[in-house]
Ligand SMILES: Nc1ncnc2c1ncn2[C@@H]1O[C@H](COP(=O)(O)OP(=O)(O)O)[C@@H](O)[C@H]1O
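Given next, in structure tokens, is a single chain: the form predicted alone.
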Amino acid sequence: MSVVLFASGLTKSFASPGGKIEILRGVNLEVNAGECVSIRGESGAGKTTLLQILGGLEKPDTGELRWNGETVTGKGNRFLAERRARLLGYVFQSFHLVPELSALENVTLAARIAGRPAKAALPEAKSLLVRVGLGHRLDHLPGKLSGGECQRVAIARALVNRPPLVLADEPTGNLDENTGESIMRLLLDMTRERGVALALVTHSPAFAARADRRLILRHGELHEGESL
């Protein structure tokens, strides 16, 4: 089974008035093709920082990161942006949709960023929005959609380029319990249907338990397990 995400010895620290704060202290992680891995941790443990580093949105102090077998640590922003657009999908807690674009335009924008003509990506984008239950709201702006609907658009956007890996950062964090349940079920179902690996940061033990492998971020390191 191929490894789509490989991280070795990732460290990250921040300066503060009281001195250096170590957030990550040598994180090691492998995610295989089609595998779902959940990551939990106490508030402030560094889960979002870790996911941003894994997604190339932030640079580690030390360590190695590979996407689909290719080393991306130390590479420039243009290189990272090009690889990220093709190899990664990202689902954020706050959706991060472009407010001036419709649901369909938000999804096709991800394809355009990856170098695909919007017209060529249109059938896939429409199909994904139908699959997430928004076939009747293709032309709606994010401001006219509920939080759950916005996250459904974000899931479609994350999958439109058929990436080998999706990173999800507390995707239900801004949603009520029932909506969060439906979004989590949809995210897990769709990534598994497509054979896409999923690295999921969640505060929910119930959601984390649905992953193939459960990890805890504690004292800057990842550990196998379920209890904080």
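As the structure is a computational prediction, the values presented were derived from the model and not from experiment. Numbers for residues come from their place in the sequence shown, where the first is 1.
The same protein also exists as the form predicted together with the named molecule; that form is not shown, yet it is the one meant from here on.
**Student:** Tell me, which of Glu177, Glu193, Glu42, Asp61 has a heavy atom within 4.5 angstroms of the named molecule in the predicted bound form?
**Tutor:** The residue from Glu177, Glu193, Glu42, Asp61 that makes the contact is Glu42.
**Student:** Using a 4.5 Å heavy atom cut-off, which residue among Thr48, Asn68, Asn161, Ser182 comes into contact with the named molecule in the predicted bound form?
**Tutor:** Checking each option against the named molecule in the predicted bound form, the one that comes within 4.5 Å is Thr48.
**Student:** When the contact criterion is heavy atoms within 4.5 Å, does Ile23 count as touching the named molecule in the predicted bound form?
**Tutor:** The answer is yes: Ile23 has a heavy atom within 4.5 Å of the named molecule.
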